[in-house]
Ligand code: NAD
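In the form predicted on its own, a lone chain appears below as structure tokens.
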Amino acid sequence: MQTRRDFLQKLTSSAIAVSLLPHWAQACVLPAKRYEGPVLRVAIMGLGSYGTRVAEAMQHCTRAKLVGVISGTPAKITAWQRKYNIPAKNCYNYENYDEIRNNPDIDAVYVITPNALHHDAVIRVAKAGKHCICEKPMTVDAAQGQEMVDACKKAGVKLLVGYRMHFEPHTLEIIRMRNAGEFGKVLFFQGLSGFIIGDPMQWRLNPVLSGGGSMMDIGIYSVNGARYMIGEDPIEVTAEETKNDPVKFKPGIDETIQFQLGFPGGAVASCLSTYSLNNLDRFFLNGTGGFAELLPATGYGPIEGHTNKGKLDQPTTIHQAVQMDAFAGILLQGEQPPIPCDGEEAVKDLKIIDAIYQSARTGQKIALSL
């Protein structure tokens, strides 16, 4: 007899699998099939809140498996060993993880540490001969990002970045509709990304670790979203910063930034990134023949959307599980993602963010060459 738990597990597996299907097949929920291909064996570096979220999501993966950890906290390593059945030989700290080069049971390392630590970690992992997955933003500026890309190319390994929304079904359906011309000529995008940040002592409010404030944390969703929703790279940017709490948001930590992007096809994007307002997670795309809205657009929970043709009814997925299964296909089988998610893609976002900060600082329009 099929138990409720069995049913829910199969339902979840089907939902995850559907989001990886070609666009024309996404509306059809197919029975889950047993996966018999290669499995990506992953070690997570950084066992904080998001590392934990990824680890939990990976329990639903069919093509990727959590097999190792890297942490500076021995107690966390012990707890993860017990919870996820990780062998001691696959556990490392921040001093010895270069030894991962001698471990054939690990294919890739997912770096989920504070932003400013990504650069050195990815380069060390690459030199150890392992594929690199890095949480976004990939690092604190475009120059460091390019160094990471170059290091991975030199080492002959691949570099992917945790752009989970690039595999989200509602997002992909809007992109399919745009590519099919269903919105006519796209002329406008709005991205609102923000929340009220809590603990003033957390690393995200430390410029040495974060490399910036809301823009580096939540604003990057609107930066990247403007590009994949419009389907072009911007050629210019203007920006303005507002800071109402200079005590909490010290120098180097932006509180709120409004920025505008100009695109070669004539479209414009108007976006807001903030650490001081909740209920800001909305993408809106408008063209001469229709529109699309995602609300919420990038949160961890269910994404919801509608267009001028009605409500979107794509399946709800576990974003990180879908991402990791897709990454397995990219790294092990050469599959092509629906939207680029490699290091070069991340460098483009970092160039835009660099320009946003420059414009906010100088008051000038900044030309972009991506």
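Keep in mind that what you see is a predicted model, and the values were worked out from it rather than measured. For every residue, the number given is its place in the sequence shown, counted from 1.
The protein also exists as the form predicted together with this ligand; that form is not presented, and the subsequent description refers to it.
Of the residues given (171, 224, 274, 113), 113 alone sits with a heavy atom within 4.5 Å of this ligand in the predicted bound form. 117 is the sole member of 142, 117, 100, 123 with a non-hydrogen atom within 4.5 Å of this ligand in the predicted bound form. Contact annotation: residue 188 falls outside 4.5 Å of this ligand in the predicted bound form, judged by heavy atom distances.
Although the partner is absent here, residue 130 is not a contact residue: none of its heavy atoms lies within 4.5 angstroms of this ligand in the predicted bound form. In the predicted bound form, this ligand sits within 4.5 Å of a heavy atom of residue 217.
Put simply, residue 68 is far from this ligand in the predicted bound form: not one heavy atom of it is within 4.5 Å. The stretch from 85 to 93, 146 to 154, 204 to 212, 253 to 261 that comes within 4.5 Å of this ligand in the predicted bound form, counting heavy atoms only, is 204 to 212. In the predicted bound form, 135, 136, 137 are the residues of 119 to 141 with at least one heavy atom within 4.5 Å of this ligand, listed from first to last.
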